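Presented below, as structure tokens, is a lone chain in the form predicted alone.
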Amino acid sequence: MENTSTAESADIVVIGAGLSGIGAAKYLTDDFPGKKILLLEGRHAVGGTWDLFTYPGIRSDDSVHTYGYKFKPWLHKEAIADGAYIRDYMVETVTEFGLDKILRLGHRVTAADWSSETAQWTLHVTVSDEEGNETRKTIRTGFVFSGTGYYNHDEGYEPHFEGREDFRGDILHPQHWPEDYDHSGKRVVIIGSGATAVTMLPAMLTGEGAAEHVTMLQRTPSYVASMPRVDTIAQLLMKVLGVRLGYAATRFKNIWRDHFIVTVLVRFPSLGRRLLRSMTAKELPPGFDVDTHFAPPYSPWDQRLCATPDGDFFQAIREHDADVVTDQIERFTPDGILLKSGRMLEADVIVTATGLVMQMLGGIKPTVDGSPVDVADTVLYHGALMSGVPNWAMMLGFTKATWTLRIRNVTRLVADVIREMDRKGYDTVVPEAPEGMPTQSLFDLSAGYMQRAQAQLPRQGAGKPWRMHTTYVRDNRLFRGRLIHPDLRFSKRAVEAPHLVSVEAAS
């Protein structure tokens, strides 16, 4: 690796060219056409999750009419769409809106240091080409927007399995799926019961390279619900109203439909359990043990529901090419998996769809005037600005609605903050949580990957402006009106120690 170093400067740097980062870059370039904005991506392609994951069947788990951007209609017929279509949509967005001019691929931010003396972040960046050659550079910027997502792109979560080294077949994690892997004619066991497992099971039984049989082995069941792959109402609305208006109407419909479903399931969990069990039972063969395999011990929306487009997951079970086993693993053996019940699952391939490793800020460990920032010690202002950390925003989405619906509100907050600084000559803004303010967990799901990461996550307060909600409809209300609050402390760079000025005092 070459160890040469170059420097660059910008007014705003967006880190990450996935859905969040691309959306943020589009909005911020619209808000500030006169500022220099850079979009940095550590990989050599845009797309984030949709460029990283290549396992069989990779697709959206939400309607792309709401998962996509408000400013760019989703034109494919499929509402539950293949990953390649989503990646193409993002590439089109970058080109269509001129974001390729500010995009820097192969730019991985490894560290970030704030200096109060200069009122700037110094980003330490490793720049790589597609041959693996690396150089280092620094980028100095007045404001950082982190669109890096919430999990570690370099490693997935894999628990310890006794006897793993004894298994004679292949053990694969979906996050690191080998290119062109051939599973045709093989017996496959997928460990896990989340969205990835529900997606992979029918996909591995489709087409010329179909597996012989696929078993989903779960310790705890999940709620699985069938959804139409094609939104016929969306197609009708865009035909009658035109693409722009029809797309807007579809987003409105989906937002309120999803909010209604979540609200009913959360407020009336017993009713939700009965409804979901009834829907599931209708999809499965007569006599299937629904209560063992599809009746989770938790209430609906304590974890996300798994979607199966046109019921393809259930169809695979009905056609006897797949089955579901609810049990615990005793150990791996040379020929498969021995369960605690004594049953043996023979396998040629074991897929460990056992979850993600959560990671904030893409693994960047910021420092402020030489002091390390522990993200877990921060409280989020509007779910975006970290207490005690100057001039830095992060994008977090929803757990009970489409993640990306939050992009515009977060970028509007950032734009309002930067405009306030520009108007009054400030160069630093630091959110300061009121002393003694009670805090609570940021996310409200019981999913294993979130519970494992609780000690690493920022927290939130109990009320505005230190609170975020997990559904778009409720959270959107928190962004009405003026977003600049006295808990945001603005200051001007000076030779002496900066004098903090509250908004009320400055107004």
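Quick caveat, the model's predicted, so the values are computed rather than measured. The first residue of the sequence shown is number 1, and the count goes up from there.
The form predicted together with a small molecule exists for this protein as well; it is not shown, and the discussion that follows is about that form.
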Which of 56 to 64, 25 to 33, 478 to 486, 463 to 471 lies within 4.5 Å of the small molecule in the predicted complex, heavy atoms considered? The stretch 56 to 64
V109: touches the small molecule in the predicted complex, heavy atom cutoff 4.5 angstroms | yes
Any chance K186 has a heavy atom within 4.5 Å of the small molecule in the predicted complex?
-> no
Even though the small molecule is not shown here, does L284 get within 4.5 Å of it in the predicted complex, heavy atoms only?
-> no
Decide whether T439 counts as a contact residue for the small molecule in the predicted complex under a heavy atom distance cut-off of 4.5 Å.
-> no
Within 4.5 Å of the small molecule in the predicted complex, all of G192, Y223 and K340 (non-hydrogen atom) | no
Identify, from the list P390, G147, G383, P202, the residue with a heavy atom within 4.5 Å of the small molecule in the predicted complex.
-> G147
